[in-house]
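Next up is one chain by itself, shown in C-alpha coordinates, the form predicted on its own.
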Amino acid sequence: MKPIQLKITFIIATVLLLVFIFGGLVTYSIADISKYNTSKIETLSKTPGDLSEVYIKNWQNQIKYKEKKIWIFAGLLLMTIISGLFFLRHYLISRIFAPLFEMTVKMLDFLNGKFSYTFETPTQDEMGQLQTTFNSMAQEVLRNMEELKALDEAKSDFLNIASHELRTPMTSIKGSLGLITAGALGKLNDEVMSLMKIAESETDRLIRLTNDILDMAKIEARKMPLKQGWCNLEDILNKTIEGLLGFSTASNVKIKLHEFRPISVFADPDRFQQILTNLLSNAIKFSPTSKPVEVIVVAQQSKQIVIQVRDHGKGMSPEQKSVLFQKFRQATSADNPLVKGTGLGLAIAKALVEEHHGEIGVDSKPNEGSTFFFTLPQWKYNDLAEMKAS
(Lines give C-alpha, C1' and ligand atoms only; values in the text may rest on other atoms or scores of the structure.)
Protein backbone atom coordinates (compact mmCIF):
# COMPACT_ATOMS: atom_id res chain seq x y z
CA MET A 1 0.00 0.00 0.00
CA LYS A 2 1.25 3.49 -0.82
CA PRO A 3 2.32 5.94 1.94
CA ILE A 4 -0.65 8.31 1.94
CA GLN A 5 -3.14 5.46 1.64
CA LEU A 6 -1.37 3.66 4.51
CA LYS A 7 -1.43 6.70 6.79
CA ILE A 8 -5.07 7.49 6.09
CA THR A 9 -5.94 3.83 6.74
CA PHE A 10 -4.01 3.96 10.03
CA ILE A 11 -5.77 7.15 11.15
CA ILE A 12 -9.21 5.75 10.34
CA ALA A 13 -8.40 2.40 12.00
CA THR A 14 -7.11 4.12 15.17
CA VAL A 15 -10.20 6.33 15.43
CA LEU A 16 -12.52 3.38 14.85
CA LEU A 17 -10.66 1.34 17.51
CA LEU A 18 -10.98 4.14 20.08
CA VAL A 19 -14.64 4.66 19.15
CA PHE A 20 -15.20 0.93 19.59
CA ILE A 21 -13.45 0.91 23.01
CA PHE A 22 -15.19 3.99 24.44
CA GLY A 23 -18.51 3.04 22.85
CA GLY A 24 -18.18 -0.40 24.42
CA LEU A 25 -17.44 1.16 27.81
CA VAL A 26 -20.51 3.42 27.54
CA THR A 27 -22.67 0.47 26.52
CA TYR A 28 -21.23 -1.65 29.34
CA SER A 29 -21.85 1.13 31.90
CA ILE A 30 -25.47 1.54 30.80
CA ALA A 31 -25.98 -2.21 30.98
CA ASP A 32 -24.26 -2.27 34.38
CA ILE A 33 -26.66 0.40 35.72
CA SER A 34 -29.64 -1.61 34.49
CA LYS A 35 -28.30 -4.77 36.11
CA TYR A 36 -27.46 -2.92 39.34
CA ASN A 37 -30.99 -1.44 39.50
CA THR A 38 -32.56 -4.87 39.11
CA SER A 39 -30.31 -6.34 41.80
CA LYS A 40 -31.02 -3.57 44.31
CA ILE A 41 -34.76 -3.76 43.79
CA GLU A 42 -34.69 -7.45 44.60
CA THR A 43 -32.50 -6.78 47.68
CA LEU A 44 -34.77 -4.02 48.98
CA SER A 45 -37.80 -6.26 48.69
CA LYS A 46 -36.12 -8.71 51.11
CA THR A 47 -34.65 -6.09 53.48
CA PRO A 48 -36.39 -5.01 56.72
CA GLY A 49 -38.08 -1.61 56.49
CA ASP A 50 -35.76 0.16 58.95
CA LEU A 51 -32.76 -0.59 56.72
CA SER A 52 -34.40 0.53 53.44
CA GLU A 53 -33.26 4.16 53.75
CA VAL A 54 -29.59 3.11 54.06
CA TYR A 55 -29.90 0.89 51.04
CA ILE A 56 -31.68 3.60 49.07
CA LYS A 57 -28.96 6.17 49.84
CA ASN A 58 -26.23 3.74 48.93
CA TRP A 59 -28.14 2.83 45.82
CA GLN A 60 -28.38 6.48 44.74
CA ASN A 61 -24.64 7.03 45.32
CA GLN A 62 -23.79 4.00 43.19
CA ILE A 63 -26.13 5.18 40.44
CA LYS A 64 -24.49 8.64 40.41
CA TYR A 65 -21.03 7.07 40.23
CA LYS A 66 -21.99 4.83 37.32
CA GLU A 67 -23.73 7.71 35.51
CA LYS A 68 -20.57 9.78 35.97
CA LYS A 69 -18.58 6.98 34.32
CA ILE A 70 -21.05 7.01 31.42
CA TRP A 71 -20.58 10.75 30.95
CA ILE A 72 -16.81 10.39 31.10
CA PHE A 73 -16.76 7.57 28.54
CA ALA A 74 -19.28 9.38 26.33
CA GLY A 75 -17.15 12.54 26.49
CA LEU A 76 -14.04 10.57 25.59
CA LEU A 77 -15.96 8.95 22.74
CA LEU A 78 -17.09 12.33 21.41
CA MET A 79 -13.61 13.84 21.78
CA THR A 80 -12.11 10.86 19.97
CA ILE A 81 -14.51 11.26 17.04
CA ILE A 82 -13.97 15.05 16.82
CA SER A 83 -10.20 14.78 17.23
CA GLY A 84 -10.00 11.99 14.67
CA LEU A 85 -12.04 13.94 12.13
CA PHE A 86 -10.00 17.11 12.77
CA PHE A 87 -6.69 15.26 12.44
CA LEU A 88 -7.89 13.49 9.30
CA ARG A 89 -9.00 16.82 7.81
CA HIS A 90 -5.66 18.44 8.67
CA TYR A 91 -3.76 15.53 7.16
CA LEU A 92 -5.85 15.54 3.96
CA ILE A 93 -5.41 19.31 3.54
CA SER A 94 -1.67 19.33 4.23
CA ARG A 95 -0.73 16.21 2.27
CA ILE A 96 -3.31 16.11 -0.54
CA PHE A 97 -5.41 19.23 -1.10
CA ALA A 98 -2.64 21.82 -0.56
CA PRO A 99 -0.23 20.05 -2.97
CA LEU A 100 -3.07 19.65 -5.47
CA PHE A 101 -3.80 23.37 -5.25
CA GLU A 102 -0.13 24.16 -5.84
CA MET A 103 -0.14 21.83 -8.84
CA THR A 104 -3.25 23.53 -10.18
CA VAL A 105 -1.57 26.94 -9.89
CA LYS A 106 1.48 25.66 -11.74
CA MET A 107 -0.67 24.13 -14.47
CA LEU A 108 -2.55 27.40 -14.88
CA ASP A 109 0.80 29.18 -15.10
CA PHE A 110 1.81 26.82 -17.88
CA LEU A 111 -1.52 27.35 -19.60
CA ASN A 112 -0.98 31.12 -19.48
CA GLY A 113 2.64 30.93 -20.59
CA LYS A 114 4.25 31.61 -17.19
CA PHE A 115 7.18 29.32 -16.53
CA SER A 116 9.17 31.31 -13.93
CA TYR A 117 9.19 29.06 -10.88
CA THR A 118 11.67 26.58 -9.41
CA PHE A 119 11.09 22.85 -9.28
CA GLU A 120 10.87 21.50 -5.73
CA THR A 121 12.14 18.13 -4.49
CA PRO A 122 9.05 15.90 -4.44
CA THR A 123 8.03 13.89 -1.37
CA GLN A 124 8.18 10.09 -1.36
CA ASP A 125 4.45 9.45 -1.68
CA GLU A 126 1.62 9.58 -4.21
CA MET A 127 1.64 13.40 -4.38
CA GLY A 128 5.39 13.26 -4.85
CA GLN A 129 4.89 10.92 -7.79
CA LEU A 130 2.38 13.36 -9.27
CA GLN A 131 4.84 16.23 -8.70
CA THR A 132 7.62 14.21 -10.33
CA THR A 133 5.43 13.49 -13.35
CA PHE A 134 4.48 17.16 -13.66
CA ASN A 135 8.13 18.23 -13.32
CA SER A 136 9.11 15.83 -16.09
CA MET A 137 6.30 17.09 -18.28
CA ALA A 138 7.20 20.73 -17.57
CA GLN A 139 10.86 20.16 -18.36
CA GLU A 140 9.88 18.42 -21.59
CA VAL A 141 7.62 21.36 -22.50
CA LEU A 142 10.45 23.81 -21.80
CA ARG A 143 12.83 21.77 -23.96
CA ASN A 144 10.23 21.66 -26.74
CA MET A 145 9.78 25.42 -26.43
CA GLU A 146 13.49 25.92 -26.95
CA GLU A 147 13.35 23.67 -29.99
CA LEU A 148 10.27 25.50 -31.29
CA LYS A 149 12.03 28.81 -30.75
CA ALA A 150 14.98 27.57 -32.78
CA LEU A 151 12.62 26.29 -35.48
CA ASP A 152 10.78 29.61 -35.50
CA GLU A 153 14.04 31.44 -35.99
CA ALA A 154 14.92 29.05 -38.80
CA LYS A 155 11.49 29.66 -40.35
CA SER A 156 12.00 33.42 -40.11
CA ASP A 157 15.35 33.06 -41.85
CA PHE A 158 13.71 30.99 -44.57
CA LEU A 159 10.94 33.56 -45.01
CA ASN A 160 13.50 36.33 -45.35
CA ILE A 161 15.28 34.31 -48.02
CA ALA A 162 11.99 33.49 -49.73
CA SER A 163 10.84 37.10 -49.73
CA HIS A 164 14.06 38.38 -51.28
CA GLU A 165 15.35 35.43 -53.29
CA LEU A 166 12.16 33.73 -54.47
CA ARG A 167 9.73 36.48 -55.35
CA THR A 168 12.27 38.51 -57.29
CA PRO A 169 13.09 35.85 -59.92
CA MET A 170 9.41 34.87 -60.19
CA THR A 171 8.52 38.48 -60.88
CA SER A 172 11.21 38.58 -63.56
CA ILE A 173 9.90 35.36 -65.09
CA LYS A 174 6.38 36.75 -65.12
CA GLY A 175 7.56 39.95 -66.77
CA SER A 176 9.50 38.05 -69.41
CA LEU A 177 6.57 35.79 -70.18
CA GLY A 178 4.30 38.83 -70.39
CA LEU A 179 6.60 40.47 -72.93
CA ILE A 180 6.75 37.30 -75.01
CA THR A 181 2.97 36.82 -75.05
CA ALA A 182 2.54 40.51 -75.89
CA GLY A 183 4.63 39.99 -79.06
CA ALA A 184 7.83 41.73 -78.02
CA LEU A 185 9.88 38.96 -79.71
CA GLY A 186 7.64 38.58 -82.69
CA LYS A 187 4.53 36.67 -83.44
CA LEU A 188 4.30 33.17 -82.00
CA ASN A 189 2.38 30.28 -83.43
CA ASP A 190 -0.75 29.17 -81.64
CA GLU A 191 0.85 26.14 -79.95
CA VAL A 192 3.74 28.15 -78.49
CA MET A 193 1.41 30.95 -77.46
CA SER A 194 -0.82 28.47 -75.62
CA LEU A 195 2.16 27.07 -73.72
CA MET A 196 3.36 30.58 -72.87
CA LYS A 197 -0.03 31.54 -71.47
CA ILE A 198 -0.11 28.39 -69.36
CA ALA A 199 3.36 29.21 -68.04
CA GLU A 200 2.31 32.80 -67.28
CA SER A 201 -0.85 31.64 -65.50
CA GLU A 202 1.05 29.12 -63.39
CA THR A 203 3.68 31.74 -62.57
CA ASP A 204 0.90 34.03 -61.31
CA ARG A 205 -0.41 31.17 -59.16
CA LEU A 206 3.05 30.48 -57.76
CA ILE A 207 3.50 34.16 -56.89
CA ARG A 208 0.10 34.21 -55.15
CA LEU A 209 0.99 31.06 -53.21
CA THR A 210 4.31 32.57 -52.12
CA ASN A 211 2.65 35.82 -51.06
CA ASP A 212 -0.07 33.94 -49.15
CA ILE A 213 2.47 31.78 -47.33
CA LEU A 214 4.52 34.84 -46.39
CA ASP A 215 1.41 36.72 -45.21
CA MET A 216 0.24 33.76 -43.13
CA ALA A 217 3.67 33.39 -41.55
CA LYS A 218 3.83 37.09 -40.72
CA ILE A 219 0.37 37.00 -39.14
CA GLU A 220 1.23 33.98 -37.03
CA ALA A 221 4.51 35.60 -35.94
CA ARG A 222 2.67 38.85 -35.09
CA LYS A 223 4.89 40.68 -37.55
CA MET A 224 2.11 42.20 -39.62
CA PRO A 225 1.01 45.25 -37.62
CA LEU A 226 -2.23 46.92 -38.68
CA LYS A 227 -2.34 50.54 -39.76
CA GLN A 228 -5.87 51.28 -38.65
CA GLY A 229 -7.83 54.44 -39.22
CA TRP A 230 -11.27 55.64 -40.20
CA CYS A 231 -12.00 54.80 -43.85
CA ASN A 232 -15.07 54.91 -46.06
CA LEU A 233 -16.61 51.46 -46.36
CA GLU A 234 -18.23 52.06 -49.76
CA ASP A 235 -14.93 53.22 -51.27
CA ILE A 236 -13.15 50.05 -50.10
CA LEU A 237 -15.95 47.81 -51.39
CA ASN A 238 -16.02 49.50 -54.81
CA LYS A 239 -12.21 49.39 -55.07
CA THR A 240 -12.21 45.68 -54.25
CA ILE A 241 -14.96 44.91 -56.76
CA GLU A 242 -13.11 46.86 -59.48
CA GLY A 243 -9.94 44.92 -58.71
CA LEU A 244 -11.81 41.63 -59.25
CA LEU A 245 -13.60 42.79 -62.41
CA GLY A 246 -11.30 40.84 -64.75
CA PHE A 247 -11.64 37.64 -62.72
CA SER A 248 -15.41 37.97 -62.38
CA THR A 249 -15.82 38.74 -66.10
CA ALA A 250 -13.72 35.72 -67.08
CA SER A 251 -15.84 33.57 -64.74
CA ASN A 252 -19.07 35.14 -66.06
CA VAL A 253 -20.10 36.01 -62.50
CA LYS A 254 -21.18 39.52 -61.59
CA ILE A 255 -20.65 41.13 -58.19
CA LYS A 256 -23.69 42.96 -56.86
CA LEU A 257 -23.25 45.51 -54.06
CA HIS A 258 -26.47 46.17 -52.14
CA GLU A 259 -27.16 49.73 -51.14
CA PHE A 260 -26.45 50.83 -47.57
CA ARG A 261 -26.20 54.02 -45.61
CA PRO A 262 -22.76 55.74 -45.85
CA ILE A 263 -20.54 54.23 -43.17
CA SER A 264 -16.95 54.57 -42.00
CA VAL A 265 -15.08 51.69 -40.35
CA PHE A 266 -11.99 51.73 -38.16
CA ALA A 267 -9.68 49.32 -39.96
CA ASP A 268 -6.49 48.89 -41.93
CA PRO A 269 -7.74 49.65 -45.47
CA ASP A 270 -5.20 47.43 -47.24
CA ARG A 271 -5.82 44.42 -44.99
CA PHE A 272 -9.57 45.07 -45.03
CA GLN A 273 -9.47 44.96 -48.83
CA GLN A 274 -7.43 41.76 -48.64
CA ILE A 275 -10.17 40.16 -46.52
CA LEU A 276 -12.85 41.19 -48.99
CA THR A 277 -10.76 40.05 -51.98
CA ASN A 278 -10.26 36.60 -50.48
CA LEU A 279 -13.96 36.18 -49.67
CA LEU A 280 -15.17 37.50 -53.04
CA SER A 281 -12.67 35.53 -55.14
CA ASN A 282 -13.62 32.39 -53.20
CA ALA A 283 -17.33 33.05 -53.83
CA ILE A 284 -16.70 33.64 -57.55
CA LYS A 285 -14.79 30.33 -57.85
CA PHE A 286 -17.73 28.33 -56.52
CA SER A 287 -20.57 30.31 -58.09
CA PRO A 288 -22.50 29.16 -61.15
CA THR A 289 -22.31 31.38 -64.20
CA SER A 290 -24.93 34.09 -64.73
CA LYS A 291 -25.74 34.21 -61.01
CA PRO A 292 -24.31 37.14 -59.04
CA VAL A 293 -22.22 37.19 -55.91
CA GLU A 294 -23.87 39.62 -53.49
CA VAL A 295 -22.20 41.93 -51.00
CA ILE A 296 -24.50 43.00 -48.14
CA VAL A 297 -23.74 45.39 -45.29
CA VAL A 298 -25.81 45.00 -42.11
CA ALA A 299 -25.42 47.82 -39.60
CA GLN A 300 -27.42 48.05 -36.39
CA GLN A 301 -27.00 50.48 -33.55
CA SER A 302 -25.19 49.10 -30.46
CA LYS A 303 -23.92 46.11 -32.45
CA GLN A 304 -20.94 45.25 -34.60
CA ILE A 305 -21.22 45.91 -38.32
CA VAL A 306 -21.57 42.77 -40.46
CA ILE A 307 -20.29 42.44 -44.04
CA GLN A 308 -21.79 39.48 -45.91
CA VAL A 309 -20.63 37.84 -49.16
CA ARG A 310 -23.36 35.60 -50.56
CA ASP A 311 -23.03 33.17 -53.46
CA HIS A 312 -25.52 30.84 -55.14
CA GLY A 313 -23.29 27.79 -55.43
CA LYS A 314 -23.81 24.23 -54.25
CA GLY A 315 -23.36 25.08 -50.59
CA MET A 316 -21.53 23.00 -48.01
CA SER A 317 -22.17 20.26 -45.51
CA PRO A 318 -21.29 20.69 -41.80
CA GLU A 319 -18.20 18.50 -42.33
CA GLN A 320 -16.96 20.77 -45.12
CA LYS A 321 -17.58 23.89 -43.06
CA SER A 322 -15.56 22.49 -40.14
CA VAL A 323 -12.30 22.58 -42.16
CA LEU A 324 -13.05 25.66 -44.22
CA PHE A 325 -10.84 28.15 -42.38
CA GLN A 326 -7.92 25.78 -41.86
CA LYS A 327 -4.67 26.28 -43.74
CA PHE A 328 -4.30 24.47 -47.07
CA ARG A 329 -7.85 23.12 -46.87
CA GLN A 330 -10.73 23.59 -49.28
CA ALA A 331 -14.36 22.54 -49.02
CA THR A 332 -14.48 19.80 -51.65
CA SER A 333 -16.60 16.74 -52.29
CA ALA A 334 -17.62 14.48 -55.16
CA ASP A 335 -20.18 17.08 -56.25
CA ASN A 336 -17.90 20.01 -55.47
CA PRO A 337 -14.44 19.21 -56.96
CA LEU A 338 -11.22 20.98 -56.00
CA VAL A 339 -10.86 24.47 -57.41
CA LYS A 340 -7.33 25.67 -58.07
CA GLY A 341 -6.08 27.85 -55.25
CA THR A 342 -3.57 28.05 -52.44
CA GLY A 343 -5.97 26.92 -49.72
CA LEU A 344 -4.78 29.86 -47.62
CA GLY A 345 -7.18 32.63 -48.63
CA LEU A 346 -9.85 31.94 -46.02
CA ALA A 347 -7.27 31.18 -43.33
CA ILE A 348 -5.64 34.56 -44.00
CA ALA A 349 -9.03 36.28 -44.00
CA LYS A 350 -9.87 34.70 -40.64
CA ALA A 351 -6.53 35.75 -39.13
CA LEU A 352 -6.89 39.33 -40.39
CA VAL A 353 -10.47 39.62 -39.11
CA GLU A 354 -9.34 38.42 -35.70
CA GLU A 355 -6.49 40.96 -35.79
CA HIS A 356 -9.26 43.59 -36.17
CA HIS A 357 -10.99 42.02 -33.10
CA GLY A 358 -13.87 40.82 -35.26
CA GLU A 359 -15.42 37.43 -36.01
CA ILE A 360 -15.74 35.49 -39.24
CA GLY A 361 -18.01 32.61 -40.18
CA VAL A 362 -20.20 31.03 -42.84
CA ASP A 363 -23.84 30.03 -43.14
CA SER A 364 -24.36 27.32 -45.71
CA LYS A 365 -26.47 24.29 -46.51
CA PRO A 366 -26.14 21.84 -49.41
CA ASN A 367 -27.76 23.16 -52.61
CA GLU A 368 -28.61 26.49 -50.94
CA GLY A 369 -25.45 28.51 -51.54
CA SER A 370 -23.15 30.01 -48.92
CA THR A 371 -23.01 33.31 -47.05
CA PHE A 372 -19.63 34.26 -45.64
CA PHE A 373 -19.68 37.07 -43.10
CA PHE A 374 -17.33 38.94 -40.84
CA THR A 375 -17.76 41.67 -38.27
CA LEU A 376 -15.91 44.82 -37.27
CA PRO A 377 -16.34 46.23 -33.76
CA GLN A 378 -15.74 49.92 -34.53
CA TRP A 379 -17.80 51.80 -37.08
CA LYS A 380 -19.91 54.91 -37.43
CA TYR A 381 -22.38 56.48 -39.76
CA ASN A 382 -20.82 59.29 -41.72
CA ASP A 383 -23.47 61.47 -40.12
CA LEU A 384 -21.67 62.17 -36.82
CA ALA A 385 -24.99 62.64 -35.04
CA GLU A 386 -25.52 58.86 -35.33
CA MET A 387 -22.15 57.53 -34.29
CA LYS A 388 -21.51 54.08 -32.93
CA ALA A 389 -18.17 52.94 -31.51
CA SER A 390 -16.98 49.83 -29.85
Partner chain sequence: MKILLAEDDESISKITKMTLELIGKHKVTAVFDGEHACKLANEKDFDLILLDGMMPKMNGLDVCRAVKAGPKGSVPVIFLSAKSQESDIREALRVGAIGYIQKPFEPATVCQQIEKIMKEYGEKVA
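Positions refer to the first chain, counted from 1. Keep in mind the model is a prediction, meaning the values are calculated, not measured.
Absent from the display: the form predicted in complex with its partner chain. The rest refers to it.
Although the partner is absent from the chain shown here, none of 139, 142 and 155 has a heavy atom within 4.5 Å of its partner chain in the predicted complex. Residues within 4.5 angstroms of its partner chain in the predicted complex, judged by any non-hydrogen atom, belong to 200-208 and to none of the other stretches in 130-138, 104-112, 90-98, 200-208. The contact residue chosen from 291, 258, 261, 167 relative to its partner chain in the predicted complex is 167, the criterion being a non-hydrogen atom within 4.5 angstroms. Interface residue among 271, 310, 285, 254 relative to its partner chain in the predicted complex, by the heavy atom within 4.5 Å criterion: 271. In the predicted complex, its partner chain stays beyond 4.5 Å of every heavy atom belonging to residue 314. Taking the partner from the other structure, its partner chain in the predicted complex has no heavy atom within 4.5 Å of any heavy atom of residue 189.
Put simply, residue 238 is far from its partner chain in the predicted complex: not one heavy atom of it is within 4.5 Å. The closest non-hydrogen atom of residue 179 lies within 4.5 Å of its partner chain in the predicted complex.
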